[in-house]
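Have a look below at one chain only, the form predicted alone, in structure tokens format.
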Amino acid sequence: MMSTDREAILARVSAALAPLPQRAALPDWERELVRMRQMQGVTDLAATFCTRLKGVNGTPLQSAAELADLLAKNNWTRGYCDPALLPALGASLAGVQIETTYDRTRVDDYAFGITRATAAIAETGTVVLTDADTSSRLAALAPWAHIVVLKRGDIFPDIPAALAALPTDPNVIWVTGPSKTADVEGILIEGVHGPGVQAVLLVD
């Protein structure tokens, strides 16, 4: 028996948020309607992804050294990093205060968050984040700069290919460039509801 109304309410919320035992089938749709004709014949998905990422004001990084330069140039001296990425990135983060547990009570202390992407879409410059692979969702969404580490082999050519490989994760986020809105007088402003900088470090 529940001892308080609060516990009863929280229990009902938890039950409502629990992953579904079986994912519903995607509705039928015409694949060609969302496939860009320019993608036909593209073989270098990483190069195309970087071009499209730049087109939405994202920042592709080709090496850990470029990551170190980005942090130094912007004087980003404190941030979060997925602990699983530290062994590979440790040298490039020298001189920077790194935390591997994101403290939500100190949101303003983090200049950047470094997390891992599950996949990406070349035709739109989009990265795909999931709860299974993103160590801290808040670290990916709250700091001014989000740096996501992406394996080149995890880049899909287009949206239909990415949807066909969609993981069973209950929470999948597609991020295309920095957070942006044009709600006020049609003026595009970046970094309003999330990171103002979206950088992607490509690794093998």
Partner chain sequence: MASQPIDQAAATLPADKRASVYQSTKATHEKRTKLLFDQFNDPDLLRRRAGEIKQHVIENLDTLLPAVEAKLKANGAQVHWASTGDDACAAVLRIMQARGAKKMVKAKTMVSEEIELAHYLEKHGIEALETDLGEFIVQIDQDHPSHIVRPIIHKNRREIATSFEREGLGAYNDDPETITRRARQFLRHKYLQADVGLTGANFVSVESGRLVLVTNEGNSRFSLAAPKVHIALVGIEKLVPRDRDLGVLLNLLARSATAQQLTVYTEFISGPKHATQPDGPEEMHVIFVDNGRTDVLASECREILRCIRCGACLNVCPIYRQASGHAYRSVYPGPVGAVLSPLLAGKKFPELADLPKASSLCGACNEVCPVNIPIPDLLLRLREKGKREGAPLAAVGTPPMGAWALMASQPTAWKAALFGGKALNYLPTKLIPVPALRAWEEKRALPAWRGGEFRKWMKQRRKS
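Positions refer to the first chain, counted from 1. Please read all numbers here as calculations on a predicted model, not as lab measurements. In this text, the rigid core denotes the largest set of C-alpha atoms whose superposition between the two forms falls within 1.5 Å.
In what follows, reference is made to the form predicted together with its partner chain, a form of this protein that is not presented.
*Asks:* My question is simply whether Gly41 lines the interface with its partner chain in the predicted bound form - judged by any non-hydrogen atom within 4.5 Å.
*Replies:* Residue-level check for Gly41: no, no contact with its partner chain.
*Asks:* Residue-level question: is Pro170 within 4.5 Å of its partner chain in the predicted bound form, judged on heavy atoms?
*Replies:* Yes - in the predicted bound form, heavy atoms of Pro170 and its partner chain come within 4.5 Å of each other.
*Asks:* Ala46: heavy atom within 4.5 Å of its partner chain in the predicted bound form?
*Replies:* Because no heavy atom of Ala46 falls inside 4.5 Å of its partner chain in the predicted bound form, the answer is no.
*Asks:* Does any part of Glu99 reach within 4.5 Å of its partner chain in the predicted bound form? Heavy atoms only, please.
*Replies:* Output for Glu99 is no: heavy atoms all beyond 4.5 Å of its partner chain.
*Asks:* Within 164 to 198, which residues have a heavy atom closer than or equal to 4.5 Å from its partner chain in the predicted bound form?
*Replies:* Counting only heavy atoms within 4.5 Å of its partner chain in the predicted bound form, the contacting residues of 164 to 198 are Leu166, Pro167, Thr168, Asp169, Pro170, Asn171, Val172, Ile173, Trp174, Val175, Thr176, Gly177, Pro178, Ser179, Lys180, Thr181, Ala182, Asp183, Val184, Glu185, Gly186, Ile187, Ile189, Glu190, Gly191, Val192, His193, Gly194, Pro195.
*Asks:* C-alpha of Ala11: shift of 2 angstroms or more between this form and the one not shown, rigid core aligned?
*Replies:* Yes, shifts by 2 Å or more.
*Asks:* Rigid core aligned, does the Cα position of Leu26 differ by 2 Å or more between this form and the one not shown?
*Replies:* Yes; that C-alpha moves by at least 2 Å between this form and the one not shown.
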